[in-house]
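Below sits a lone chain in structure tokens, taken as the form predicted on its own.
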Amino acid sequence: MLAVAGAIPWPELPVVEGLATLDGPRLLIDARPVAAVARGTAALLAAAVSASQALGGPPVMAHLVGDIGAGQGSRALYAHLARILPERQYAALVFHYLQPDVDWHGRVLLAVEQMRPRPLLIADAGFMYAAKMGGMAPSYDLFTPDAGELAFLADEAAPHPFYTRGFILHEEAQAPALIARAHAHGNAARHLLVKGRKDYLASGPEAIEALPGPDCPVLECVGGTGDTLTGLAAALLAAGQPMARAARLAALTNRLAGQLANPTPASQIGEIIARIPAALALALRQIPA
């Protein structure tokens, strides 16, 4: 089973968990609607559900809470995860939008270390920030930063992306140098899937691969395409794809889904997610096993 943990911007939502499914533009947990599929963790979950169904992969378990930045919801979900994870069995576990908290991150990671077997660990957004801030980035199998987040990982002195030092430029052309710097300071996961105009897969400081795919500039205006990339990679890994092929397929599928949606700057991420099954079928034919 694939599991995803994160917050959505609905402050009244308590900690909930259950199987995630889709009903058109709505995300359901145990058949009950909990959120519209917009950007953020809801988009990640929707992409993961769509891809896993297309692959015949495992179901997707969601661990969600409402939080609009105050942190109360995030702390409740951290506490829930620290309590329940040692008894769970997941093939892959994704941590997404949660307010960064180094202490609670450490407690959740200790709970993960008690899981048998240990799941593949994927982090993005706030939980990735907490992993870097706590010096625990190498405990993860995959981070999925964008260019700005990669600059934060590369800055060994920055406690938060807001404080990334100005001389560390988050320009996409600098991605290979930033990847090497993040590894040099122990602030990278074992693999990095870097999102941008050109996507990169890094399996160490030197094994850096620019990933092919159609360039669709209008997608830069559509919020949530980074979230869908993380969801696609997670679904492919949970379905048993090795890391390199999962990353290549995820990046290509994300771009093909965007291209198939024929987007405009007004397009919503749900229009792209609806194209994932067709895009994934095309990507599987283009990237042989």
Partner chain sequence: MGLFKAVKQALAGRVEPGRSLGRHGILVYANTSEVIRAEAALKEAGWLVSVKGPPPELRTGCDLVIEFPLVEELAILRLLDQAGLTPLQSAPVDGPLLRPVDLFQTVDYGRHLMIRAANMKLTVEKQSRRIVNVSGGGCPDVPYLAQEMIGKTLDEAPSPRQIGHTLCGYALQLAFEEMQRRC
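Residue numbers count along the first chain shown, from 1. Predicted model, so just to flag it, every value in this text is computed and none were measured.
A second form of this protein, the form predicted in complex with its partner chain, is not displayed here; the remarks below concern that form.
Using a 4.5 Å cutoff between non-hydrogen atoms, Asp30 does not count as a contact of its partner chain in the predicted complex. In the predicted complex, none of the heavy atoms of Pro117 sits within 4.5 Å of a heavy atom of its partner chain. Although the partner is absent here, Lys198 sits far enough away that none of its heavy atoms falls within 4.5 Å of its partner chain in the predicted complex. Although the partner is absent here, Pro159 is a contact residue: one of its heavy atoms lies within 4.5 angstroms of its partner chain in the predicted complex.
Here is the short version: of Ala177, Val102, Leu110, Ala184, the single residue with a heavy atom within 4.5 Å of its partner chain in the predicted complex is Val102. For the candidate set Leu121, Leu85, Met133, Ala91, a heavy atom within 4.5 Å of its partner chain in the predicted complex is found for exactly one residue, namely Met133. Partner contacts here mean any heavy atom within 4.5 Å of its partner chain in the predicted complex, and among 252 to 260, 65 to 73, 237 to 245, 52 to 60 they occur only in 65 to 73. Applying a 4.5 Å heavy atom cutoff to its partner chain in the predicted complex picks out Pro265, Ala266, Ser267, Gln268 from 243 to 268, in order along the sequence.
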